[in-house]
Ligand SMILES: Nc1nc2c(ncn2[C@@H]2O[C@H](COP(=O)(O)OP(=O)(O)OP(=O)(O)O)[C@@H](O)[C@H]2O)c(=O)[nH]1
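Single chain ahead, by itself, as structure tokens, in the form predicted on its own.
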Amino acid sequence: MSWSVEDTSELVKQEIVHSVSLCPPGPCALFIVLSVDASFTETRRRSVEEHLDLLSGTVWRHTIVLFTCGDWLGDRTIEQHIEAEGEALRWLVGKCGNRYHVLNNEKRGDVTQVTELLEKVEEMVARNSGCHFEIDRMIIEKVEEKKRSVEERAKQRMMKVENQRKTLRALINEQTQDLSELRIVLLGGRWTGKSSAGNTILGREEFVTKRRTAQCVKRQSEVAGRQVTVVDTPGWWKDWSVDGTPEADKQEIVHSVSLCPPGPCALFIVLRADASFTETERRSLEKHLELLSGTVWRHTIVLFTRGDWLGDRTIEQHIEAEGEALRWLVGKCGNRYHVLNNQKRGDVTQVTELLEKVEEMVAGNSGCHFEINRMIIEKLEVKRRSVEERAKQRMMKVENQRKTLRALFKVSGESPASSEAGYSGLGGRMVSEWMETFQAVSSSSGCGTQTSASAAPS
């Protein structure tokens, strides 16, 4: 609800436009549905406005704000809610010509609330001189043409991938190597569902999904007769360059491949199927993968999460509709991709097929796993050890500094709270005297800040 129209999947935008052609000659009303129990912020207001603009500027003459969860209001009126919420909601209601209605979905037997809503629709149509909403025919035709093109390209992609997989399965039959162990690393932006995907693959709750993954986490389980190792990694902000990602996260990304020796069979690039994939995200992902060297792409598979969002559409339709950035990524990964529905973890076939695709990729790589340059790992380990050592030194320095400060409070006979009160009451003079005493004690204890004498060059 708070996403900009740019973040919305291309398929969703097409469906929004397509919707008005499903009730010819055109809808009498368009309901903007909001939940009463959720705040309506300025960000959400901009999101609604941008998405409605897909249907042209005249759409507002035919809109009604429809509030759900009316039971949440209790004894309050919907008008009190609108006025209390703030400018964003008042703007929306005004943009819709002050047309609004509230439904209590818990009381579906109350036909009066529906009757009143339909009466408001009739009143709006009368105010529009009996006219329904009619979108420019050119917009509909353009969308329909785009949908047909997407469906055709999706079929071609599906056939290409099927032929590719047949060739790889034949390779597997020729090879004698038995892949009884599969090692997988999950990579991707934040909130893409990496941890949930790991749980789906392993068939149980192994990774924590309620908080951010700050360090790499390794878990193992037997899946479909194979020993499967999955390494979850910290994500990056999807529209940030690699320069904006914290150094610790970049180190963890590189470190991840050393947690499943001799190296991962596959690296999954995890994306959400319900979100757009922009050129900015593509560049960000490419730069983050370069941390692992250019050869990494031979071992990557695009793993889409939230497959339930697709409905009756195929993942190929999503790929073709999204645009050049996503098609580039899938192509860079050798047209290897898979979609998971994390809501159906009991469906083992989706995981079995995914593991089969890993086996096919390994066969295509002549049985080789991904192996990062040993110098990169060694350099990283040296840096990690150096960071840990400096962190310990800093911790000790701060602890000694705090001990010195606590000793000052005991000497003065004041508590920290009373000293703080003294600062505000006596001003700069007391602070100056306190700092002079602190510096003297710090010099004698060998910690804390340097005095001007000790700081001067010898």
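Treat the numbers as computed from the prediction; the structure is a model and nothing was measured. Numbering starts at 1 and follows the sequence shown.
Keep in mind that the form predicted in complex with the named molecule is missing from the display, and what follows is about it.
Report the residue, out of Q343, Q220, T314, S258, that has at least one non-hydrogen atom within 4.5 angstroms of the named molecule in the predicted bound form.
Looking at Q343, Q220, T314, S258 one by one, just Q343 meets the 4.5 Å heavy-atom criterion.
Using a 4.5 Å heavy atom cut-off, which residue among S284, Q251, T245, T305 comes into contact with the named molecule in the predicted bound form?
So the residue touching the named molecule in the predicted bound form, by this definition, is T305.
Looking at heavy atoms inside 4.5 Å, which stretch does the named molecule contact in the predicted bound form, given the options 185-193, 126-134, 97-105, 110-118?
In short, 185-193.
Residue-level question: is S293 within 4.5 Å of the named molecule in the predicted bound form, judged on heavy atoms?
Contact check for S293: no, nothing within 4.5 Å of the named molecule in the predicted bound form.
W297: heavy atom within 4.5 Å of the named molecule in the predicted bound form?
Close contact is absent here: in the predicted bound form, W297 is far from the named molecule, nothing within 4.5 Å, heavy atoms only.
Counting only non-hydrogen atoms and a 4.5 angstroms cut-off, does F370 reach the named molecule in the predicted bound form?
It does not: once the named molecule is placed as it appears in the predicted bound form, F370 has no heavy atom within 4.5 Å of it.
Would you please decide whether T229 lies within 4.5 angstroms of the named molecule in the predicted bound form, comparing each non-hydrogen atom pair?
No, no contact at 4.5 Å.
Scan 231-245 and note down the residues that get a heavy atom within 4.5 Å of the named molecule in the predicted bound form; none is a fine answer too.
Residue within 4.5 Å: G235, and no other.
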